[in-house]
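One chain follows as C-alpha cells, the form predicted alone.
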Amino acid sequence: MSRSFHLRVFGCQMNFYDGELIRAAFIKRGWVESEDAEKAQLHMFHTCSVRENAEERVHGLLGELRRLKKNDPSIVIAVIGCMADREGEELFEREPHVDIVCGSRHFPKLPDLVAKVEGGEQRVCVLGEAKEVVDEQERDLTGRVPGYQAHVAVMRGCDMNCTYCIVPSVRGRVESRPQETILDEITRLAEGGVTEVHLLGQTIDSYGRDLPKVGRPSLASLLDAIEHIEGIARIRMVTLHPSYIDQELVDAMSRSTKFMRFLPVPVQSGSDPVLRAMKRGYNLEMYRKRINLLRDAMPDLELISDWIVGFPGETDDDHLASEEAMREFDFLQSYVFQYSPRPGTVSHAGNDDVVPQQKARRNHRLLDLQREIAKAKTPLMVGGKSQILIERPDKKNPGYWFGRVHNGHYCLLPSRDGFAPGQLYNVDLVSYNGKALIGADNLSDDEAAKLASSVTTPKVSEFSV
C-alpha cells in the first residue's frame, strides 16, 4: 500500500515553490499526498522565520501532533526551511516528537532523511550550506499545483545585510540558476497550459551577479529570452531591491510585451535615519532616482512596496516621512508590517523601543493612506485601453469575470463562451465601480453606460493578490 504525506507550507512564494519540489520528490518515490492530516504517515512543515507569529503557529500545529505520534510512533514529523535553520536542534528540545529538522538548502534530501528515520535513526538534523545546488537541472513538474499560473525560482539567497532580516543567515547567499535551465522550465510549463509565470528571488534583480562575468546572464537577458517562449502571456517578478535596478534592466522591461507593469520595489521606510539603521543600502534620494528611471521608461508602471513600522528608534517624524514617501511614490499596493525582533539578526540586540500600541497606530495609518491612494488612482484608467488576464468568474457579479489589467488594477469583464482562467484579452476600460474597472470590447457610449450600471460594487475581500 502507498504511504501518504501531509505537507503544510508557510510564508513566501519561494516557500510554496519549494513545496512543489518537495511534493514531486515524494510522489516520485511512490508516496501519495493526503489532504487529511489524521491519515498521513508523514507530516512536513515548510516554515518561515520572517516574523515570530509564523513560527509560533507552526509550534502550535506541532503540539497538536503529539497525540497522533503517541498513538502511532511510526509517524514521521519533519520541520523544514527557515525556522529549521534558525532554531536548529533546539527544535528537538521544544518538540521532542519531531524526527527531522531540515534546513532550506537541504530539502531535496528529504525522502532519504525520512528513510533514515524509518530505518531506525532516531533523529536527523541537516542545516547550513549544502554541497549540492538546491535546484535540479530539470525540474520535476509533477508536484505543481495545476493552473494557468506558475512560480519559477531564478535565484536563491541574498547578498544584502539588512539588520532586521533573517533571510541571508537561513537561506544563504545568492545562488543563480543557469538561464537555459530556467527557460527550459518555463517552456515546459507553457506546453502544459501555463500563461502567467512569476519569477522568484529574494532580490531577483541581482540574478546572475554571482556567476562568472564572461557571458553571464542577467534578469534583463532572461526577460528578453522569455519573450520568445510561445504561450506565455504575462511575466511577474518578485521581489526587486532598489540597489540592483539599472538601465539595462529598465530597457528590457520596457521593450517586453509580456512583463506585467506591476512591480514590487520595497522602500521599507521613508526616513533616511531609519534606512541607515536598517542597513538597506540606499537613501530616499537613491530610491527616488531608481523609481524615476523606471517611470521615465514606463509611465504606466504601478509599484508595490513593503513597509516596516516601529523599527527601533523610529520617531513620529520618521513615520511621517514614510507617509510622505507613500504619497510621493504613489504606490498602487503596499504590505505593512509591525517590526518584530528576530533572534539571529543585528537589530535583535537593539532596544525595541516603539511600544506595541504605537506600532499598531502607525500600521493602520499607512494602510488607510494606501487605500486612499489606490482608490484615487484606479479611476484614472477609465477611458483607456489595456489587456486583462482573466482569473475566475466573479462571485459578486454573475456574468462577469475578474482579472487584472496590464499594470495590476482590478478589472471585471462580461463573460463570453470559451472563457477560461489565464486567457488574455484586449479591452476598453469603460467605467469604475468603486473597487474595479469595467472592461469591454468596442461598445457604444450607451452600451458602456448600461454595462457600468449593471455591475455592483464588490467587497474588498473578494479580490486577492
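These numbers come from a predicted model, not from an experiment. From 1 onward, residues are counted along the sequence shown.
Keep in mind that the form predicted in complex with S-adenosyl-L-homocysteine is not shown, yet the notes after this line are about it.
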{"property": "Heavy atom within 4.5 Å of S-adenosyl-L-homocysteine in the predicted bound form - the one residue of Asp306, Asp330, Asp246, Glu180 that qualifies", "result": "Asp306"}
{"property": "Contact assignment for S-adenosyl-L-homocysteine in the predicted bound form, among Ile27, Leu424, Val50, Leu68, heavy atom within 4.5 Å", "result": "Val50"}
{"property": "Tyr17, His151 and Arg261 each touching S-adenosyl-L-homocysteine in the predicted bound form (heavy atom, 4.5 Å)", "result": "no"}
{"property": "Interface membership of Ser218, S-adenosyl-L-homocysteine in the predicted bound form, 4.5 Å heavy atom rule", "result": "no"}
{"property": "Partner proximity in the predicted bound form: Lys116 to S-adenosyl-L-homocysteine, non-hydrogen atom cutoff 4.5 Å", "result": "no"}
{"property": "Contact test in the predicted bound form: Pro111 vs S-adenosyl-L-homocysteine, heavy atoms, 4.5 Å", "result": "no"}
{"property": "Contact flag, Cys165 vs S-adenosyl-L-homocysteine in the predicted bound form, heavy atom cut 4.5 Å", "result": "yes"}
{"property": "Candidate stretches 141-149, 291-299, 349-357, 306-314, one within 4.5 Å of S-adenosyl-L-homocysteine in the predicted bound form by heavy atom", "result": "306-314"}
{"property": "Within 4.5 Å of S-adenosyl-L-homocysteine in the predicted bound form: residues from 319-342 (heavy atom criterion)", "result": "Phe337, Gln338, Tyr339, Ser340, Arg342"}
